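Presented below, as structure tokens, is a lone chain in the form predicted on its own.
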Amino acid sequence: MSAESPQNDADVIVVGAGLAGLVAARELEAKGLSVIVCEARDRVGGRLLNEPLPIGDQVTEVGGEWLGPTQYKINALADELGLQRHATYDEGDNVIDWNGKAVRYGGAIPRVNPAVLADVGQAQLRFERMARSVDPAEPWAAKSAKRWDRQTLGSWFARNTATSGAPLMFEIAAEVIWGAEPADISLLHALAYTSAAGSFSALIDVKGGAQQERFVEGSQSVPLRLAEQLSSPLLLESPVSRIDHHEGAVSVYAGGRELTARAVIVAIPPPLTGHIDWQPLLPVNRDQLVQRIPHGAAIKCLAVYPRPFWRDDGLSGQAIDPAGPARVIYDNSPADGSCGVMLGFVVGNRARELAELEPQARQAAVLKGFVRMFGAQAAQPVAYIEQDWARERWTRGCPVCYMPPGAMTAHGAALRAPIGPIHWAGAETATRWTGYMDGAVSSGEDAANAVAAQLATALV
């Protein structure tokens, strides 16, 4: 039975109709609480977004898309919603541009030089050993937290590798994981993130890792199905501009409406919470955190072809191109192979540089890299699609937010700590598979449980 008070519009208001917000709303409904969901966009899904393909009745994704075997929350939710997955295409050889020459290789790490391969292996083992000592729920409590938080991920790679090639491999991996340069990321943050995934291998691998599978109907099918199941009001095109909060009461100003509730779950990326007018102001530690947790920068670039021609040559479609704007490339074709889709990630500094170009120049730069990796056929796609998440008003970056040196030990505890009736959710607040769809699901569940417990205690 709802505990809704006559003067309130709902028991709980959820800000954001991404995966975390919709999961939180569903959990609250299941507990008998009334909910209103406010979403700034004209759609649900947040950083999950499908894009129709011009060939056949298929979609691709221009936002988050992959899931792995140890991501139990998102897999269970997908099963419950009746959503099918298919394996990321991973057959054949990968390609790397090494010293100006395209080299074929198998596995996640290019076997271009035995010394580099050994160097990468020993550094990764050392990094993962350090990560296992970090509790992702309280990274600041690790024995070496302050020392690690004074370093960048890039400086650690430089000091713990002996070859020139090994830091480059780690740099490219880090750019794609966080959308940022290793020189910008706290070592402690990277260790906590790795611990939350289980290993660095889990973050970068396809088979057995975070990129193992995709949704047949596209990843946005998850929030779309969740939204269909809600009985709660879902207010689209209703950006939240102000939240007034007192003990046991909130007023949320969204899309010209004033809505009242007993609690609020804010399920948007942490930097965007700083755009809300909070009355009274949030505690200094939370405010300082928001000022120090930037988004990564990522442009997803997709070239569509009549068929995945690279497979004819025994290639997986996966490539590493250190010289190109898209340094990591995947085969993003639909499950039935009805057309070929090549996906390139332009991230970090390269994303910011490419964003300054005209659209035609951006496309030409990306396709030039595709041609270098896969031959002349890559120069003539039937369509070219790109999504620059830094230009998305209600996201402002992708794939995830990260912490620079010093932020975790100084302000990390404020990331998920409730403030009276205010609770936080989102992939960045998760303690398992932080930054991924799986983390978003668990964060929504955790926030809903915390709110329900708080409201139940208030009635006693």
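Start at 1 with the first residue shown and count on from there. Just so it is clear, the model here is predicted, and its values are computed rather than measured.
From this point on, the text means the form predicted together with a further copy of the same chain, which you will not see here.
Engineer: Does Asp287 make contact with a further copy of the same chain in the predicted complex, using a 4.5 Å heavy atom cut-off?
Structural biologist: Close contact exists here: in the predicted complex, Asp287 approaches a further copy of the same chain to within 4.5 Å, heavy atoms only.
Engineer: Decide whether Arg43 counts as a contact residue for a further copy of the same chain in the predicted complex under a heavy atom distance cut-off of 4.5 Å.
Structural biologist: Result no; Arg43 lies far from a further copy of the same chain in the predicted complex.
Engineer: Is Val346 close enough to touch a further copy of the same chain in the predicted complex, meaning at least one heavy atom pair within 4.5 Å?
Structural biologist: Flag for Val346 set to no.
Engineer: Contact with a further copy of the same chain in the predicted complex for Gly274, defined as at least one heavy atom pair within 4.5 Å: yes or no?
Structural biologist: Gly274: contacts a further copy of the same chain in the predicted complex.
Engineer: From the list Gly255, Pro294, Pro233, Gly198, which entry has a heavy atom within 4.5 Å of a further copy of the same chain in the predicted complex?
Structural biologist: Comparing distances to a further copy of the same chain in the predicted complex, the residue within 4.5 Å is Pro294.
Engineer: Consider the chain as shown here, without its partner, and state which of Asp388, Asp119, Asp331, Glu213 has a heavy atom within 4.5 Å of a further copy of the same chain in the predicted complex.
Structural biologist: Checked against the cut-off, the match is Asp388.
Engineer: a further copy of the same chain isn't shown here, but in the predicted complex, which of 215-223, 87-95, 152-160, 304-312 has heavy atoms within 4.5 Å of it?
Structural biologist: Of the options, only 152-160 has residues within 4.5 Å of the partner.
Engineer: Spell it out for me: taking a further copy of the same chain in the predicted complex, does every residue among Asp205, Arg327 and Val371 have a heavy atom no farther than 4.5 Å from it?
Structural biologist: None of them does, since no heavy atom lies within 4.5 Å of the partner.
Engineer: Does any residue in 376-402 get within 4.5 Å of a further copy of the same chain in the predicted complex, counting heavy atoms only, and if so which ones?
Structural biologist: Going through 376-402 in order - heavy atoms within 4.5 Å of a further copy of the same chain in the predicted complex - the hits are Asp388, Ala390, Arg391, Glu392, Arg393, Arg396, Gly397, Tyr402.
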